[in-house]
Structure formats: structure tokens, C-alpha cells
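Quick heads-up: the C-alpha cells below are two forms of one chain, split into structure 1 and structure 2.
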Structure 1
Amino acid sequence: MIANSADIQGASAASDTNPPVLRVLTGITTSGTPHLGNYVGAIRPTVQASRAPGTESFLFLADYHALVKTGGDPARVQRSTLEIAASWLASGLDPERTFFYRQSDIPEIPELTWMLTCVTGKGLLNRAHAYKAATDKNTAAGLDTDADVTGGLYMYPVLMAADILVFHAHKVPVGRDQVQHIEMARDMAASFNHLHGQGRALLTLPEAVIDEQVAVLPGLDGRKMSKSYDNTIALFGPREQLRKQIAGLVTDSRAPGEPKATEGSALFQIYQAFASADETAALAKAFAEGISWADAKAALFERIDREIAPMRDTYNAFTAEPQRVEAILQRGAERARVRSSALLRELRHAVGLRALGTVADASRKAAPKAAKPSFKQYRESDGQFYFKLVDASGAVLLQSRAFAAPRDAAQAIGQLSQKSSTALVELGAQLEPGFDTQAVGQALDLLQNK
């Protein structure tokens, strides 16, 4: 779900006093400079969604995930973290209305990752698309199946599941290529609940949400816009850089005046992601009438710049003050950890990671009281009053004869309770014969805690 900085992911908290209607979490991997794919696929929609009533948004910088791809370039991870955080803030994100944080500032995420690892079958991880793609590539090249496959790549879906489950996500915005990861997170949550929940849903099963219009934005070469393909269009780069990159979009060889197809056109798809329905229809008409590629690219540049330009100065101001961004992220992590730490306390207890003294106390409190013999007084249909002595299992040890008044029966019970076995002789005429004197005597002793 967050295999590179173009990907998005979503999730949701342990115990809310007033649970919102919906919790949504989106993360962007800090592996490169933010680009239009990040903006259209993750940043813009999550900023808009965060303003919806009845919604809690958890938005984070996925720097742990970045280590899978950039482990040898720490400066890149740090720089990307600043740039993506600044992009979110410049796009209108209110950090006080959302939970905005850096993944590595939430220690409960790696802790939950390990708990999930312990309930996740290897077969499930073997089927992950990224892992299968790596092993298939090795097999085709005649290499060892797992050549250059790190544990980070293999365990990537588990870390992603922890990102989601640690905040009890209801909905997870993803591209279609990431739906498998949400299904895997559901599988892991279900396994954990089954093994440790004792009938309770300790972890919430999330659902994937796909926006077909913007799930995957094409890059300069027509493939998915991704740092991995080096085909991105920078989000907040200089204005002339944006113009130059758009001019480099791959198009076909149709000359000016020749009708052009909107279907399969990366240029048209990118324009559609920024334009209104009327603007999109107007460009489609221009395509049919044979607009030149140069004019089409100029129209795309103007439309994107109209939306991006007002935010560019704000972005530059944030990147020039990294400590200001750091303070915002730390505050966000503080708020988010109220939720994540509450969940992990519950999960640690569920799996047996408990303070020993607490467990002993809890065991003593939870231990059921030893059952004792007891007297049962009652009235029969004949209008007379009776009592009986039953043992811990409910078996009758002693049965009385009839009493005219309930007080008389109660007095007999009192005598037996206080005098123990000696009262059996004194009350002989009031008891049905045939009882086991020794068993009754032992029962009466137990009643007196002897």
C-alpha cells in the first residue's frame, strides 16, 4: 500500500470516549520528493476528507517503510520526510484537527508488528505481490529465488497492517494495486482476534476504499507515476520546472489538426485529475478537433499551476524552517500515542505480556469462590413450609418435615447452623429419616467455616 512515495494507505483507536462515525489513516512513504501523484492520490483527498464532520483522520510519514528502499541513503529519508510533511501542511492540512505524525515516533507500531508476525502464516506473506514479483524476477533470471530479497521486503505487509490496525481503521484509501495489503491486514486482525480475543474484536477489520478517478496517476512515460520509474512531476518545484516536466510528457505522433484520443492519454488523465467536469469536457472536445500536443501541454501546465502556485510559497516557508515542522510532528505523535498506547496495553495483556504481581492479584480476584453447602427454605403447594440442606453440587443431604409457619422452619435452620451435628439429635422429629449423619455433619461444619 505504501511501496513508494506515490502510494497511499489508510487506517484507525483503541478506546474512544465518543467514537467518531469514521476513522481514516493515510501514509506516504518518505522515499523521495513529493510529486503530483502524491498530491492527487493522497494529499489533496485526505486534506478534504479531514474536514468532514464525524471523521477522524490519521495522516503519517511512513519512514519505516522507506528503509526498505532507501536503507543506504539516510539523508534522502530525512529530506523526504520534511518535504512531504511540508506538502501536506501547505495543502491546507490542519494538524490540530487531525492526527499528523511520523511513523517512527509511534513505538507501538513495531511492537504490534511483532505481535501480528506471530499470528501470520508464512504462506500468506509468500503471496504478497511485491515479494512474488521479486522472486519471479529472480527465477526468470536464473538466480536463487530469494536473491537480494530482504526481510524488510518480505515483512512489509505486516508493518503495513500494524500501521492500519494500531488505530482501528474503518476505511483505508488505496490504489487498486494495494487492495491485497488491506485484505492481508484483515486476515491478520481476524487471526489475532480468534487467538487472543476470547470473543472480543480486539482489532478492527479495515476496508479498502478506491477512488477510480485518481487511484493511479500516470507519469511522464505513461506508467504509474513513481519515483521507482523516475517518471514523476514535482509537486512544489519551481514553476519553470513544472513547465519543463509537463513538456516532457510522452505523447503519440499525431500532428496538429489530427483528432487525438483521450483514452490512454497520460496528458488527458493528469488534466482530468485537476480540472472540473466542464474543463475536462472542453479539453476532450479540443482533442477531437485536433489540438496540437504543444497547446495541450500548455493547457495542462496552466491548469495545474493555477492550483499549485498559491501553495508553493507556504511549502517553501515550511521547508526553510524544519524545526517548526518537527514540532508539529512531535505534537501529532503525542496525541496519536494516547490512542496507540491504550490499544497496546490491552493487547499486551491479551497475549500474556503482563506484570507478574498484577497477574497474581488478578488471578486471586478472578478465582471463583469455593461453593459451600447451603440451606434452601421454601413453601409447598400444601401450604406448609420446608427446608433442605444441599451440598456444593446441589445434592440434597437433609430434608425437613413440614412446618406450619416459616418462622418455625427458620428457627430449625438456625439451630442446625449454630449447633452443628449436635442439633441433629435435638431436631430428630422434625427431619426426614435416612440422611447420612457424617455427610450432614461435615456440611454443617463447612457452613461454620470449620
Structure 2
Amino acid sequence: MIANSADIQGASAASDTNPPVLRVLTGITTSGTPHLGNYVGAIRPTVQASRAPGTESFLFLADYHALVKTGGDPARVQRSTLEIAASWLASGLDPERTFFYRQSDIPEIPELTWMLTCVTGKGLLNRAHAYKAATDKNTAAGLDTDADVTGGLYMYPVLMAADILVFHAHKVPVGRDQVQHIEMARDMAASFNHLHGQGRALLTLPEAVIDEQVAVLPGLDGRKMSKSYDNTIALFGPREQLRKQIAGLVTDSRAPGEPKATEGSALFQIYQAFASADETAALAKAFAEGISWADAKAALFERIDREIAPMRDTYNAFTAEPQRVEAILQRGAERARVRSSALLRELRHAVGLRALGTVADASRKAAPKAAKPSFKQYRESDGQFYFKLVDASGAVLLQSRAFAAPRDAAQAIGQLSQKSSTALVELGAQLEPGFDTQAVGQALDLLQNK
């Protein structure tokens, strides 16, 4: 199910009457260095949303997920973790007002991953887009279907579901490419609840949120800014690097003095993502009046740098002192684990991973009504009266013969329910043959609380 970002705002607006806490969660894979596209598309809106009253924000560094893509490059995972954490902190994320942590500091996540694995159909995982793309590519190339496909790629959606479900997240802001993963997390939560919940929702079903308003930022070549196109502008690189990268933006060949189109201009779109409406209108006017590309690039650089410069200083301070970032992440994990460890305690019990000798507590509490067999009296279409003895699951243990009147049937039930299992035979005349004497005997004992 897909919601849009207005839902997040809507739910928080409703918070002045009986605040419903809305949990918003998102993860960032630690396999690269943040660029301007990440800032405009994810960091800036998420930091802003994390300040909304009535919401709890969970933001984490998905370093287990990074292993799927960066196997064999440990230094890169570590460096990326530092850079991403420092970027979010420098961009105004308040680690005390949010839950900001590293995935691998939450041991309940891999633990839940296994529990979810055991309720997830292999067929569901076969249909995951990333896995299918890999196998389709292999097939097209005439290779073995699963050539170079790791179990990590295959299990990626389960790990992601555990990230989300372990904190009972309601909303997960993601890009379109991740929507299927959220749908799969819903499926896993529903299966788990069905199998282990005894009517209770042990896990919360999450929803994907796609922000239609946040523009996709174009990169240096005009295509979407993305690491995989190698067209990115670094977020917190040195100031001169920013100037140089912006100088490399593709433009058309219109000379100074010639009017320029804002439509389809990557430069204009990037400017718009940072500027106010008035500033954007002023640049549009300058375009119409024939501003040179060199001047337009200078204007773009100044505008971005004005927003970024103070944060860049904070970023540099954080990356110069990794142990400060580490301490913040440790504290975040400690706060988050209060939640995750409480959930896993509950889930372990629900699935049967229990300390020996404690089985009684929850199962007996939930069970007494359900676990008892019972007599059911009824009238058939032949006009006669009958009863049957059914066990807790509704299975028929015993079927009576016909009685002319309801009170005769009731009397037989009365007699039968007093009998011990050994005396059953005496009542044979009232019962259909062929019942399981032992099962009926046990049911009677249960009814008499023996």
C-alpha cells in the first residue's frame, strides 16, 4: 500500500487531539558518499519531517545491507558509515529527538530476520525485482540462472523487513524502486501474525511513502543524479570542488546575451531545489534576458554554498573526530534496543523459544477457553435431536445417536460429562460406534478439570 507524504503531515496535524504516535523509519545503505541528490531527495526532507510533532523518527545506517553490495571492501563500508552519519548530523538531525543508529548494533534485527525467513515463501523471494533482474541477466547471457547470485542478495528483502518490523514502523519513506520491499515486509508481517499471533497483531504492517513533491535532482549530465551514472555533485566536499563540479554542468551552446530556456535546464532545476520562489523567479528572468552560462553557474554555486557552508564545517568537525560520531551511534542503539529487545522477548515466546518450565504463563492464559472441548446440541432435518463432543480445534470426537426430545439429549450429555474415561462403555448405547475412546476419555477428563 502506498501513501503519500501528505499522510505524514496529516497524522501529525491530528495530534492536538489524542496524539497518535506515528513511527516513520528509513535506512541508508552505507556504500557511498552522500551527494546533492541524496541531500535534496532524502536527507533534507527527512530531517524536516523528523521535527513534526506526534512522530517518532527512526533513521539508521544499513551496514548489513551494504555487505550485499560491497563484499570485500571493509574500509569502504567503515568510511561510508562515518560520512553518512556525519552528513545527517550536520544536516540538522537531532540524535536525541530521533532514533539514530547503526543496523549492526541492533542484534535483534538479524534475529528477527531468521524468524521472518521461516514464515516467508521461497516463491515470494524469487519474485523480488533485484533478484529477478540478476537471474534474468544470467539467463539472457546463457549462464546458470543463479550465477554470482549470493544468498545475501536473495535474502535482502527479509533483512529489510526485519529493519522495519522490529520497531513497529507505520510509514517508510522510500524511492519507487523500494516499494516492492515494503509490500514484502507487509506480507511477512501478516504471515507471522497469522502463524504466531493467536489473533494478536504481534507485528505492525508498514506502508511505503513516496514523496511526489520532492523533485528528482538532475546530475551533471542532465540525467537523474546517481552514483551509478557517475554524474554526482558531492554534498560536503571542499568548497572549491563544489565550484568546479558546477562548472562542469552540461548546458546548451547559447552565447551570452541570447535568451535561455529554463525548461529542461539541469542548472535551473538544481537552482530551484535550493532557492526560494522569488529567487527562482529572478533567475528565470535572467535566463530570458540572456545571462551567460558562466554567470548562471556562479549564481548556482553561491546559492548552494550559502545553504551548505555552515553544515560543511560541522561535517568536517564530525569526520575529524569519528569517536564522537561513534558515541552518538552507540547511544542511539542503546535507546533503540529498549524497543527491539522488548519485541524480541515477546516474539521468542510466541514462536516457542522459551525458557524451560515457563511454558505455562502465556499459553495457559490464552488457552483456557480455546483448549477446552465442549458439547454441542442441535436438531437435524429429520426432526430428531443430537449432540456431539468437539475438541478445542472444533474436530468432532464423538457423535450421539438420535433423541426424540431435546431434554433427553441434554440428559445424556449430563450423564456423559460426569463419566470417567473408563466408564464410557456403559453409555455405548447412546453413541454412534467408531469414536476414538481414548480421545473422548481425555476430553471428558479435561472437561472435569482432571
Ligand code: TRP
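The structure presented is a predicted model; accordingly, all values stated were derived computationally and were not measured. Counting starts at 1 and follows the sequence of structure 1. Rigid core: the largest C-alpha set superposing within 1.5 Å between the two forms.
Engineer: Looking at both forms of the chain, which one is the form predicted alone?
Structural biologist: That would be structure 1, which is the form predicted alone.
Engineer: Honestly, after the rigid core fit, is R407 moving at least 2 Å at Cα between structures 1 and 2?
Structural biologist: It does, since the R407 C-alpha is displaced 2 Å or more between structures 1 and 2 after the core fit.
Engineer: Could you check, with the core superposed, whether the Cα atom of Q272 shifts 2 Å or more between structures 1 and 2?
Structural biologist: Comparing the forms between structures 1 and 2, which are aligned on their rigid core, Q272 does shift its C-alpha by 2 Å or more.
Engineer: Spell out whether the Cα of S226 moves at least 2 Å between structures 1 and 2 when the two forms are superposed on their rigid core.
Structural biologist: S226 C-alpha, core-superposed: shift of 2 Å or more.
Engineer: Superpose the two forms on the rigid core, then give the C-alpha shift of A443 between structures 1 and 2 in Å.
Structural biologist: A443 is displaced by 19.0 Å at its C-alpha.
Engineer: Provide the displacement, in Å, of the CA of I291 between structures 1 and 2, taking the core as the superposition reference.
Structural biologist: Reported C-alpha shift between structures 1 and 2: 6.9 Å at I291.
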